[in-house]
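Only one chain is included here, represented as structure tokens and corresponding to the form predicted on its own.
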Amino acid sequence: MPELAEVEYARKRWNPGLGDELLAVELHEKKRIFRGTDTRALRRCLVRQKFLRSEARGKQMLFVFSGDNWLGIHLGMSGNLRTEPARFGPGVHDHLVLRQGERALVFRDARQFGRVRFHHGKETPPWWNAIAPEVHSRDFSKSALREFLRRHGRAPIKAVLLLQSGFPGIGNWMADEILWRAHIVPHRRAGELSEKKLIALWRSTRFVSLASLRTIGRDNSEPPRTWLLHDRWKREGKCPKHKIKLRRETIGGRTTAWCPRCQR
């Protein structure tokens, strides 16, 4: 599933359409990605409106149109955004197409774990306001982190990092990267972290988030080769620091990799 930085990069793929008017909206209204969405209102309200701006928060994106119209997109497991020429013919998995004079803005999701939401009104959608503070924002403070870990104290710290209610946008590889840099073993209970480890976790979370936004989020380029990211996927992957084989275990339902020397 795309994580914080990948979502930021995906959001920018519709940027060529900024400032232009929508001429038509095409969608597969019976598909699962439109669950809970009034597709008729989506069609009716967006046509003849201008694409004003967009933003990403965690694993979600918000696209703002004139006329007080708001479109939310979650990529799920396999979703992606792209821009096509005006005469583009949609494929079977292209479930949402926003047509402009010179291009088409397309959302494709073959597995349909993603979601499209629509809101019409002057105020920001409630579902957007409900997203937890971003981990690189001022609201992600040491005290807020301390309280969140206390509430989930019995769970392994790796599983806690995957909770979007506290760590929006953090997924499997980012959680492993954060714990490796903080020198915390992933199966340690969240409530057992010392104050020193808690501060290390806070710093590592902010660093990985901001650094990945500067690379992956900017143009989908890779972070430096010194990151755990590059070895955690490999069967014989080794710690970038100590060159010893990484250990693997399923924690919180996700395959987890860590260094037995860095993370004791």
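Numbering starts at 1 and runs along the sequence shown. Since this is a predicted model, take the numbers as computed values, not measurements.
Omitted from view is the form predicted in complex with the DNA, to which the following refers.
Heavy atoms within 4.5 Å of the DNA in the model of the complex are found in exactly one of 80-88, 96-104, 172-180, 135-143, that being 172-180. Residue R32 is the only one of R48, R32, R44, R214 with a heavy atom lying within 4.5 Å of the DNA in the model of the complex. Just one of R254, K12, K241, R247 comes within 4.5 Å of the DNA in the model of the complex, counting any heavy atom, and that one is R254. When contacts are judged by a 4.5 Å heavy atom cut-off, E3 counts as touching the DNA in the model of the complex.
Interface residue remark: R111 is counted as part of the site for the DNA in the model of the complex, having a heavy atom within 4.5 Å. Under a 4.5 angstroms non-hydrogen atom cutoff, the DNA in the model of the complex has Q164 among its neighbouring residues.
At a distance threshold of 4.5 angstroms between non-hydrogen atoms, H74 is in contact with the DNA in the model of the complex.
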